[in-house]
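Quick setup: one chain, the form predicted alone, written in structure tokens, and binding and motion questions come after.
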């Protein structure tokens, strides 16, 4: 379920009367004196793909293991579909987990790997056969049913692990770095396959990942974690375009950050003087500050214009020299050294195959951005 496919009515997190499917209430996990997860509260709704995004050691996998029942919270409460999970062992929870390593049984065929959990639950043979056949078809592994894991590619093993996790029809499926073992191209292809499978089944997914692109592609919403806390929750668009802190702005994608101090606090705007920029930054939207207050303005590279000529009436502009150019195929990235000495990253789409007037190393240029392109974050 990608954000682009959601209608306003299908965004239950925006409905104050909607009932969360998964409720995490003030969860804390300590290992001795070390606090791995600290007072996390989160509501996730039925049918979401919710991504926990953060760097190594931020607590995201520990939180996932508590949801699965493999770790016991030091304090707090986990509720799935109205049922408190305290004291319920992993095998008795309405959840399942797909591990990063896939954890397939090497001596079993694909078919037997998928059927294993159902056999342990004592389901009738005909029902097991029906469910396994359905899962093989869903993950497009019908023709590989008799193979063993070592005879499969990484992407195929990932599909088998997903089928084994889904065949028990969990209400909630947790995926720990599910695509981390795949190469970049296969990972990108598999992301969309995973979305289609989730949409066809309607199972709620909670995905742990450190990969920003993966989180942005897969999720209906993202929770950004650091130091055991969730510091911002929102749709991919909200997280990228409206970061609420410098950490989120820095962590998600690429960003230019300009430190400065407020020199004018108007009714509908503020003006920030930035030595790093070598000029003033005009910010028109929803900002309030007192003169002298430190602030930082975050501007995404694709929102910065670059030109050999002056950018006219654009208020946020400054001159510099092109230091580096990286050709990325669909775009080019320019590193511009401002007269202040700070480097600014500019991304520009390559709309034509050949351009005789293309920007080159050491060109003197102007860079700038529209008034509403920057986001103010705490300095």
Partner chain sequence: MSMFAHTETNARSRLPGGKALGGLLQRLGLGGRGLVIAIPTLWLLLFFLIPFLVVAKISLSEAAIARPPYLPIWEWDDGLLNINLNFGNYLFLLEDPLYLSAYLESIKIAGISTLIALLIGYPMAYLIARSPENQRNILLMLVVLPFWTSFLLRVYAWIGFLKANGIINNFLLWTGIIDEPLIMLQTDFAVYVGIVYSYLPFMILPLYANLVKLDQSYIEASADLGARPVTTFLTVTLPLSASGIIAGCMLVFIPAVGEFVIPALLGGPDTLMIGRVLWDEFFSNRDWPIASAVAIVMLFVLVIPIMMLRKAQAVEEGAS
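Numbering follows the first chain given and starts at 1. Small disclaimer: the values here were computed from a predicted structure and weren't measured.
One more form of this protein should be noted, the form predicted in complex with the partner chain, which is absent from this view; the next part is about it.
Peer 1: Look up in the model of the complex whether residue 90 has a non-hydrogen atom within 4.5 angstroms of the partner chain, and give yes or no.
Peer 2: Contact with the partner chain, yes.
Peer 1: Examine residue 101 and determine whether its closest non-hydrogen atom to the partner chain in the model of the complex is within 4.5 angstroms.
Peer 2: Yes, contact at 4.5 Å.
Peer 1: In the model of the complex, does residue 186 have a heavy atom within 4.5 Å of the partner chain?
Peer 2: Result no; residue 186 lies far from the partner chain in the model of the complex.
Peer 1: Using 4.5 Å between non-hydrogen atoms, is residue 105 touching the partner chain in the model of the complex?
Peer 2: Residue-level check for residue 105: yes, a contact with the partner chain.
Peer 1: Using a 4.5 Å cut on heavy atoms, which of 209, 96, 235, 274 is close to the partner chain in the model of the complex?
Peer 2: None of the other options qualify; the answer is 96.
Peer 1: Considering non-hydrogen atoms and a 4.5 Å limit, which listed residue (294, 120, 169, 196) is close to the partner chain in the model of the complex?
Peer 2: Selected option: 120.
Peer 1: Which one of these stretches, 257-265, 130-138, 160-168, 235-243, sits within 4.5 Å of the partner chain in the model of the complex when only heavy atoms are counted?
Peer 2: Result of the contact check: 160-168.
Peer 1: Taking the partner chain in the model of the complex, which residues of 65-79 have any heavy atom within 4.5 Å of it?
Peer 2: Result: 65, 68, 70.
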